[in-house]
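A lone chain, given as structure tokens: the form predicted on its own.
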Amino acid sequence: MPVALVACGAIAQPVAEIVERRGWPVAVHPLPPLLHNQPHLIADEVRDLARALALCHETVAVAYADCGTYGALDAVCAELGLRRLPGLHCYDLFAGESRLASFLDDEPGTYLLTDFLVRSFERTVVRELGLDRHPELREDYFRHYTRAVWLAQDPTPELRALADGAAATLGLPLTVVETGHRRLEAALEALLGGSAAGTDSAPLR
């Protein structure tokens, strides 16, 4: 594949599905999704993988939003001549920035879930935060949250049951907002530009 995409592990599955469905000549290389629990590490991990991929691909792009790096990822992209997905968080890529902002303005204590977080909740939240060993910590972590909002890309009955369970674990009422993948797909198409069609685009410097 002429194009390599460094992908956030939390969105790598739908990204890979979109790439395959569209027939784009793009190889998706995910980084570990648990980096989201340590966002200060994301920029360096992206730099290292991008440099390695540049040795065997004509073009490298980054399928991350800022994701809590507070501009560090943008600095890496500027350093290496890369482009990334828009937005502050991957939630923006599903719900849209203005829609997401309205959720948080209406109710600041909103805990956001995606399909990935619903599927991996026991591992990425319960075990990572130690709630399986110390359930009393739930109050410390989540006392200021008032609701959970699931940004449902593919709201199957199985995922709905998992989302209900996640919200129950948090002790929060659940609101389901169906988003699909339309915004993510449009953002990927804009990011990849001519690369998605197999035409020339600027390589990683």
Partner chain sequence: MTSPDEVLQGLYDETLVGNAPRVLELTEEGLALGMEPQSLLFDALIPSLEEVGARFERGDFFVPEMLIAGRAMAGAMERLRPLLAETGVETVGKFLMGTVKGDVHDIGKNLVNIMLEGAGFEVIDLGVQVAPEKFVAAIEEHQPDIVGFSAFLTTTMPMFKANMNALEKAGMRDQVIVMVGGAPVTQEYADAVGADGYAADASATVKRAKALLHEKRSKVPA
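Residue numbers count along the first chain shown, from 1. Values in this document were obtained by computation on a predicted structure and should not be read as measured data.
Another form exists, predicted in complex with its partner chain; not displayed. Remarks below refer to it.
Per the 4.5 Å heavy atom criterion, its partner chain in the predicted complex is contacted by stretch 138 to 146, the sole one of 138 to 146, 157 to 165, 175 to 183, 53 to 61.
Heavy atoms of D74 never reach within 4.5 Å of its partner chain in the predicted complex, leaving it off the interface. Although the partner is absent here, L80 lies well away from its partner chain in the predicted complex, with no heavy atom inside 4.5 Å.
Among heavy atoms of G130, some come within 4.5 Å of its partner chain in the predicted complex. Contacts between 54 to 77 and its partner chain, taken as any heavy atom within 4.5 Å in the predicted complex, involve only Y70.
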